[in-house]
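Same chain, two versions here, written out as structure tokens and called structure 1 and structure 2.
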Structure 1
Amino acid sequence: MNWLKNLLGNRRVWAYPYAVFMAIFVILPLLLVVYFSFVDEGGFTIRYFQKFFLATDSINTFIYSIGIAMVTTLVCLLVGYPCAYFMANKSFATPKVMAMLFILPMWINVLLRTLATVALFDFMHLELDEGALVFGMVYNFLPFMIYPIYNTLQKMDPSLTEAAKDLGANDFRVFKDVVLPLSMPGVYSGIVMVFMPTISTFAVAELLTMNNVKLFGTVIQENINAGLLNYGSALSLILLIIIGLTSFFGNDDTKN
């Protein structure tokens, strides 16, 4: 029993299940994506990447997807920051109630929430177009913007704002010079958590536009479903690299 006690008492042992999980469900799929992107009938090739850069439709869809993701992220930021700021304000007694209201929809599957949005638009006789797509994206991903900002604002030392007011700063100056700069790590995390899934989604776009608006995730899905695994993997790798570079440089800017 002593060996079992010593084994369980070693903190490294508790990390082994997570390491196995990461290896099987994260690292291995990424390696397979890279492998199929550069392999054609057993040989190395880059023709799938050339195919993408020579295909005008794919590039236009990719640029359009980035635009939709940027608009969705911007709307989430404009709506989510004031909400997070209100929730983090200790002078109000409703942050827990608001937090619960934003969490409740997340208990339901994203596809069910999207289908409910489609039914809502049908009930109101609204057209399922780009506006419906952006609305559905914001509805599904707004909590991912609110909570990182809320956590950052909640941990902020209140003595900093008090000191700024003692030095003669009004509420606007306090927010602009103290609160906003200190909340930028939360803003950056929220932007990443909204932008990344938005640019790669396909089911939400198909349901909210009746497949009339095609995003880059839909292009990847169609190629994989059609048996073009290599080309679909290459498109996935291109998307992964661009998102990774965006996150990397954005993280450097936040640190500086």
Structure 2
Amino acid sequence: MNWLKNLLGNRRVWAYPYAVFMAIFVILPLLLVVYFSFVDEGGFTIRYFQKFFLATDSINTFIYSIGIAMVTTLVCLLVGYPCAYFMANKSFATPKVMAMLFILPMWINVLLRTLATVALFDFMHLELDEGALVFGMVYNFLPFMIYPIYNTLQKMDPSLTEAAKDLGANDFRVFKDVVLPLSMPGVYSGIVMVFMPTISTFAVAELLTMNNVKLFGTVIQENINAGLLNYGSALSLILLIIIGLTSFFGNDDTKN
């Protein structure tokens, strides 16, 4: 019974099973991604990165995906910012209900949501092209943009805008010089939260365009499925680096 007492007494130890679990299922797998991208049957190699940068196909898809992700992020920002702004403004609307309505669709499986979008486009006899792709992406990730902005706007001290008004600023200047700068942290995290999933999704693009448009995520998945583990890992590592950079810059900006 003594060991049991020690175990219950020293509660630090309780985190150890989790630490071991995470080492096996989170750390080790990520190290394996790095390992497989540089090591194959023939030993160390950078062949797979050369393959990526030399094959116009994959590099084009990569740039194209970044482009789609940027457009999606921009549309989300343009549509989402006013939503967040109106919701945070107590004189308009009932924010609690609105907030719930915006988040509710997120609780539905992303594939079902995507298929529902396809159904909508079919129903309205619209073509499933890049427009559909961007619409579907915006539809899927818009709440990720609205939420952080809404949060920062809601926490903003209302006396600041009042003070600006008292000092003679018109509505536009109040927005431009007070509200907008103060909401930038929310905007940055919104951008990161939309950009990251957009660049890494694979099934969504496939279903939305009937496999006509290929995104980077799809290319990774196809390679892994085809058993090209080393090339797939190298592509994953590239994606991981992009994600790391995005979140790094996102965090950096939030702190400033």
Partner chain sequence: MKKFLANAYLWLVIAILYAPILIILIFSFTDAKVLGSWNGFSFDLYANLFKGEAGPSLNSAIINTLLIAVVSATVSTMLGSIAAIGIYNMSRRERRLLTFVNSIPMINPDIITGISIFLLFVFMGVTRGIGTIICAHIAFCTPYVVLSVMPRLIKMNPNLYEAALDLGATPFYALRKVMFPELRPGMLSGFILALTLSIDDFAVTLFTKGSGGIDTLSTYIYADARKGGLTPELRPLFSIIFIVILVLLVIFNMRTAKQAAAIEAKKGGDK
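Rigid core: the largest C-alpha set superposing within 1.5 Å between the two forms. Counting starts at 1 with the first residue of structure 1 and goes up one by one along its sequence. Since the structure is predicted, the reported quantities are computational estimates derived from the model, not experimental observations.
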Report summary line: Form predicted alone: structure 1
Query raised in the report: How much does the C-alpha of Tyr18 move between structures 1 and 2, in Å, when the core is lined up?
Result: 6.3
